[in-house]
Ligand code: SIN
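For reference, the chain that follows is the form predicted on its own, supplied as structure tokens.
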């Protein structure tokens, strides 16, 4: 076994991987984030062998990721920046809940400018399950952290390796709960080795470093909400959000960025009043095709889900230059 120089730092944030239930048969009636990161790692005897070098563990949060918050994001990004700048750290592994993992991955991808791997992993079953999936996901995450050329923010779950831009939770219960849409995963972990289907490189990493500087300085996070277009949609929700002081809106539109006429009228009013509005599609695959000859009244977001488009708009309002 090759031993690597530099340590891998595991940052715990809670989630199902650290969850506890009342019985081993219970895979859904658990409380997330109950197990500390040291106990979690200690329950995987073969983990040190997978690490192939020094290992350090830190507890940053112990939450259910459905309750992910801006303060936790801020603290996590700031710590990752510190660790990435440390020459004694070769990789970062983050244990995270599955519900908002894709948002955290895109946020970190956007604000971190590092060539070191930052690997998020998770579980769909609590640590107390008869057959928990967390231990194998942790071991697979270490394999990715050790893989030659691995860089940037990555997600490892159920043997698949996903990029931060494409990854999306696609199932509420199965162990292989994540997918990467049309592009597919970057690769797979097979018996401790990574088999790539695509290059490690992910474009646009670190485009929002300016926003991160403002976050560290204590700038308040803007309020950005997500609305959806559907049959019979009205503009009343948009009008109410505008009155309530929202600063940005992301719209999950139908099809190729189409909007119910009443909703579109309200969004255009909001934009004219100074709000930032972005439109993407609610379709799980593909992306909006921008028509160069069309006069789009509302800006389109290409290739991002609504929740990730919201993250990007948050960062734009915090001072980042919008990615191309």
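Small disclaimer: the values here were computed from a predicted structure and weren't measured. Positions refer to the first chain, counted from 1.
Same protein, other form: the form predicted together with this ligand, not shown, and the subject of what follows.
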All three of 224, 250 and 316 touching this ligand in the predicted bound form at 4.5 Å, heavy atom to heavy atom? no
When the contact criterion is heavy atoms within 4.5 Å, does residue 34 count as touching this ligand in the predicted bound form? no
I'd like to know whether residue 98 contacts this ligand in the predicted bound form, with contact meaning heavy atoms within 4.5 angstroms. yes
Using the partner position in the predicted bound form, report whether residue 61 sits within 4.5 Å of this ligand, counting heavy atoms only. no
Classify residue 90 as contacting or not contacting this ligand in the predicted bound form by the rule of any non-hydrogen atom within 4.5 angstroms, answering yes or no. no
Sole residue of 211, 124, 119, 164 within 4.5 Å of this ligand in the predicted bound form, by heavy atom: 124
Looking at heavy atoms inside 4.5 Å, which stretch does this ligand contact in the predicted bound form, given the options 64-72, 44-52, 261-269, 278-286? 64-72
With the partner left out here, which residues of 11-43 have a non-hydrogen atom within 4.5 Å of this ligand in the predicted bound form? 15, 16, 30, 32
